Structures are given as structure tokens and as C-alpha cells.
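So here's one chain in two forms, each on its own in C-alpha cells, numbered structure 1 and structure 2.
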Structure 1
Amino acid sequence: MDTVARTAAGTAQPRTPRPRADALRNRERIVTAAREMFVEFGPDVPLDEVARRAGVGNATLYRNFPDRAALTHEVVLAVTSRTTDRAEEAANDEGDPFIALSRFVHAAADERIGALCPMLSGGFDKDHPELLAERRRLEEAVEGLVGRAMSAGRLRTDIAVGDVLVALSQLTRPLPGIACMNIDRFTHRHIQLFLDGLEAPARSRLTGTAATLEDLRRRT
């Protein structure tokens, strides 16, 4: 295989080899297993247990992710990216803007977006450029959903994007180690109750002021 690339000037440059398909699959399996176990047991779950669930050896895990911080970074990035994809799909597929918002909120629950919260504590680098870019993409997608639903008169006007994101985080945040192992079966019921409260016309008066993205950023 030719591992040397030629520049326009004819100078030979080493070409970075592409990861093999099986290596990419192993990496994806590790991230998926870590996401599941962080949800079930919290972000301090032993990494050898993550490797076991992924069906790979410890050496394979550490070859991809040299420490817990690297694996946590990848899990947060993957969950945020997948959640943004769900928001964009809902916006593109649904004609009713409130149905689009509702579809996204339920999809975000399936992605376990609330599971990110315990991972963002301690020395986690929340300001990593990759994460900041993905967070901005998510915020813009959700802002679009909220703005269209509100402009169409389908969403109450005394809330803001921050209210949606905070409620979504709280309603989908796992409780590791609790005795109620089947508590997840209530998640979509409670989310639907939340969505019913968002729909216009408003049936109540909210206390305080709407939570904006700027409010959330000041708290992180």
C-alpha cells in the first residue's frame, strides 16, 4: 500500500493511515458500552467493566482511550452530536413545529442527554474546542425548534430555550444505584406531561423569568 503522498511541488509526504474497519467498530463499541454503563452506574464505573461489556480486551480500550478523561470526552461528544442530529431530523421531517419539538424531546431522552451532567464535574474539560462546537450546534438546533413553535403560536411565550434544556436534563438524568431499577419506564410519561405544559395556550402563570442560553452558560 502506498503510504506516501505527493504535494504539488512533488515532495513526498507520509500519509496518515486510515483506521481499519474493525478498529473503528471496536472504538464505537467501547463508546457505546461506556455510555450505557455511565448511565447505569455513574461515571466512575471501572474501565475493565466497560471493556468487558464492549467485548474487547483492556489493551484495546486503552489503545483507543488512554485514560478515563479521554473516554468521558468521547462519550459526551458522541451523545451531544447524536442529540443534535435528532433535533435536525425532527425539524426537517415534521410539518407541525410543536410536533417537531416534542419528537426531539422524546428522542433526546432516548439518547440519555441527562446522563452527561454527572460527567461534567471535577476536572472535565468543558471548554474543549470540539465540545464547544458541538454544544453550539445543539443550542442552535434547539433554538430553531423552540423559535418556530413559538412563532406558529404552538408554544407558550413565557418560556425560553434554557427552560427546555434544563427540564430535559432533569427528566432524563439517571439515578445510579437506586433500588427502582425500572424507573426509566416512566421517563417518556413524565416528558409528555412536561410537553403538555409547554403547549399554547398556557394553562398557568409561571413564577420567575424564562431561562435563556446565556443564563445556562453563566452557571457552567
Structure 2
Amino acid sequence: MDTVARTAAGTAQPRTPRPRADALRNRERIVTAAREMFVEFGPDVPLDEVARRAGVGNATLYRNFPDRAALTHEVVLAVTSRTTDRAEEAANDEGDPFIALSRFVHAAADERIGALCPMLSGGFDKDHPELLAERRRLEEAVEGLVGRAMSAGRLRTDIAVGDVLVALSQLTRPLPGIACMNIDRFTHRHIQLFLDGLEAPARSRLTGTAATLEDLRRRT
């Protein structure tokens, strides 16, 4: 926002403080509506419905986002950004770093990060610079959480950031048609079970099953 403001000032545009007031509001409402409806109905929800929920005409939506990809981009960006915020908040926790990591994971679930999964399939530019940057920020933040937990001997040493994010996303993916903006108890329970699997045992807990794990990999 700083950047935008400075640029505007630099080009010596007239203030134009007014015309943006409701326009920005509209844009905001569209993104919010889109996020909710992507969660509720999946990524194929009719855009006219999104516009209706946002309380604007469909053409207004298209003025702000030329096509579905643009809107998806914005929603993914917004969710990623909010999730990153949660990661950074958790990073400020003073206590047990594994608890901090856990807190982040549950908070990310509440941001409905899982709803992004189906959008990663296509129809929009996954590698858009803006998105890459935001994802990098998220990964760095989580990297911090993971690193600290690992250093403290509270997290298994074979866990990567990707493990956490992907599994978290999958576990919180909504079922289309189920109207539910809030992750339910049941899902938080599964997240916790997963987290339990990440926790480092007092001693080397895995050694016992290591052989059989290899065996499992050779299934079928």
C-alpha cells in the first residue's frame, strides 16, 4: 500500500480520493464473496452467483477481474497472505515451539487453506510472480516454525515444510455443497492426529517400525 501511495504521489495525479472509496469496497466484497463460495461450492461456482452474493452486478465483477483466473488469483493470494499472517503470529509465541507450530496449523485450517487445493489444478497461473512471492513468504514463515521446533528436539527431523503444508491443505479441503466456513471439530481432530505423528518421541520412537515401513513401501 505504501508503494501505491508513493507512486500516485510521484506521478502527480490529482488526489482522486473519492472515486475509489466504493470501488475498493466493491472489489473487497467480491473477493470475500468469492472466497466463501469457493469454499462452499468449489472452484466452479458460477461467477454470476459470486457477484450476486457480493451485491454487485456481474459486469462489475468482470471489470475488476477480467476472467475467472484473475479472481482465483486474487483469492489464492488473499488466503495465502492471511495464512502467512497466522504463521508470523505463531512465530511470536514464546513457549514450546512445537505448540507454536501446532497453533499455526490449526489457525491455517481456520483460514480454509484447504479450499485452495482444487484451484491449484489449473485455470490460473500458479507461478505468477505475485503469487510466488507470497508463497515464498509463507514458506519462510513456516520454515521458521519448523526449524525452531526441530532444533528444540520437539519435531521429527525427517519433516519438511512441504509435508506440513500439503497434508494440512488436504485434511482441510472442503466437501463442495457443504456450507461451512468454519472448520469443524472433527477436522481439527484429524489435524491433531497428524500433528501427533510429527512430534518427536522422547527416545527414537521410530526405530522399532523402520524395517516394516520399508516393507510397507513394497506393497502391491
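Here, residue number means position along structure 1's sequence, counting from 1. None of the values given here were measured: they were computed from a predicted structure. In this text, the rigid core denotes the largest set of C-alpha atoms whose superposition between the two forms falls within 1.5 Å.
Structure 2 is taken from the form predicted together with the DNA, while structure 1 is not. With the core superposed, residue 191 shows a C-alpha displacement below 2 Å between structure 1 and structure 2. With the core held fixed between structure 1 and structure 2, residue 62 has its Cα displaced by at least 2 Å.
With the core fitted, the CA of residue 26 sits 2.5 Å away from its counterpart between structure 1 and structure 2.
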